[in-house]
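Just the one chain here, laid out as structure tokens, in the form predicted on its own.
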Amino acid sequence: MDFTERVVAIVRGIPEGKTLSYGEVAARAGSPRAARAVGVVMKNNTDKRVPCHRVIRANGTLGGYNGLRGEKATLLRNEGALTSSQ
């Protein structure tokens, strides 16, 4: 399994209402220094079954979501991963 496949499998396993940072996903994929590469994988993902909105920055900010930052926040709020004030 290559890095992209490992990342996708890890992200698919993030439960609703939970998040992981790009770095946490990278570490779980066996490449702890590859947080930016995780971001690239997520940016290029077109499979709607992969909940890439559940991957956020280590500092708790959301980061991108295929260019739709507001949509990422809405999805995470709907899942209970963010409060209405975040």
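All of these numbers come straight from a predicted model, not from anything done at the bench. Residue positions are given as counts along the sequence shown, with the first one as 1.
Missing here is the form predicted together with the DNA; even so, the following discussion is about that form.
By the criterion of a heavy atom within 4.5 Å, residue 27 is excluded from the residues contacting the DNA in the model of the complex. At a distance threshold of 4.5 angstroms between non-hydrogen atoms, residue 21 is in contact with the DNA in the model of the complex. Under a 4.5 angstroms non-hydrogen atom cutoff, the DNA in the model of the complex has residue 33 among its neighbouring residues. The DNA in the model of the complex is approached by residue 64, whose closest heavy atom lies within 4.5 angstroms of it.
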